[in-house]
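Below you'll find only one chain, the form predicted on its own, shown as structure tokens.
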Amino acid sequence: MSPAVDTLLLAFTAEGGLALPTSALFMGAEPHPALQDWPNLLGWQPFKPRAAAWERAGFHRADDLPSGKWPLVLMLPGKSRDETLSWFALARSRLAPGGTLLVAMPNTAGAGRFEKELAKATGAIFSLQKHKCRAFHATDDGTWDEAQFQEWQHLSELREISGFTVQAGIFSSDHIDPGSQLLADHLPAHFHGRIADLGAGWGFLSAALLQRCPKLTQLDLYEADARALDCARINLAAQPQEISYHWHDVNTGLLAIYDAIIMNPPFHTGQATDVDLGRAFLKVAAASLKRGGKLLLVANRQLPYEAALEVSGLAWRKITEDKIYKILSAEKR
């Protein structure tokens, strides 16, 4: 179970002082057995693995953040400042008059700082701490600073970097990721046929691939963050090639077999380095390549992916490296 959800639920104990609502919206929803008894609980979760876990637990889920008004909005934001502040505004716009906004975050994600930010707009705020997390809530009493929420609302709007559309909270939303740039600079022109971009984000590598590889016939983007995938649709809309967009957890396997696969695999779970996450991407990629198919990836130099490539039956070589990143090319035997 998520420690943040455990802490959030303490708000409904005698210590927290909140009563169970008649209905609630849960932004960034994650399942918990104690939520099974809640009536009319609707979850929104843009990250595919957590959205799937929410559905497997039997809860109702909205594909897009729904409009409407709720007496309670629960919130588990990410670690991005702009994302968290924009979620405050999005939650506020979905609160019924007199409603309560309840937020829970790990202390390491800046929970104390964000509690102070919310207090700027709401004034009175109630807070409790446990499980190395903080839960804090405020109830609309008619005195909230709506101008502050409006300022935060603008942070949720689409923005541009280097001609690409991005959104707060998605990976590399304020700059071109230097690892992805290095990989883009070394994409070969001979890739052909059906190609997949794993962890495609907002489409930077896919755009480079489409420009570099004239014999590409089909491109499949796999991305776990629905918001990033929506940005990729915008960024690649003018491309003439056939493109498919998959809101998908790569760890569950791919939907086709490919002539080539490119990736800048994720290696963080929350704020912790998780080498197994990248290894899982490599294993799935190896299983989804044709014999003789090519895999090209970028990774931090210290990550031990070479052994994972060999175990997966791929012959590999290092294309290049700099002080931080390396590019590995592999072929399915």
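Just count from 1 along the sequence shown to find any residue number. Because the structure is a prediction, the values reported are computed rather than measured.
The same protein has a further form, the form predicted together with a small molecule, not shown here; the description that follows concerns it.
Taking the partner from the other structure, the small molecule in the model of the complex has no heavy atom within 4.5 Å of any heavy atom of Gly43. None of the heavy atoms of Phe88 is located within 4.5 Å of the small molecule in the model of the complex. The closest non-hydrogen atom of Trp38 lies beyond 4.5 Å of the small molecule in the model of the complex.
Interface residue remark: Ser172 is counted as part of the site for the small molecule in the model of the complex, having a heavy atom within 4.5 Å. Three-residue candidate spot Gly201, Leu205 and Pro266; every residue lies within 4.5 angstroms of the small molecule in the model of the complex by at least one non-hydrogen atom.
Contact annotation: the small molecule lies within 4.5 Å of heavy atoms from the stretch 44-52 in the model of the complex, the single such stretch among 285-293, 304-312, 44-52, 66-74. Val250 is the sole member of Val250, Ala111, Leu102, Val166 with a non-hydrogen atom lying within 4.5 angstroms of the small molecule in the model of the complex. With the partner omitted from this view, the residue of Ala138, Ala135, Ala224, Ile195 that lies near the small molecule in the model of the complex is Ala224 [heavy atom within 4.5 Å].
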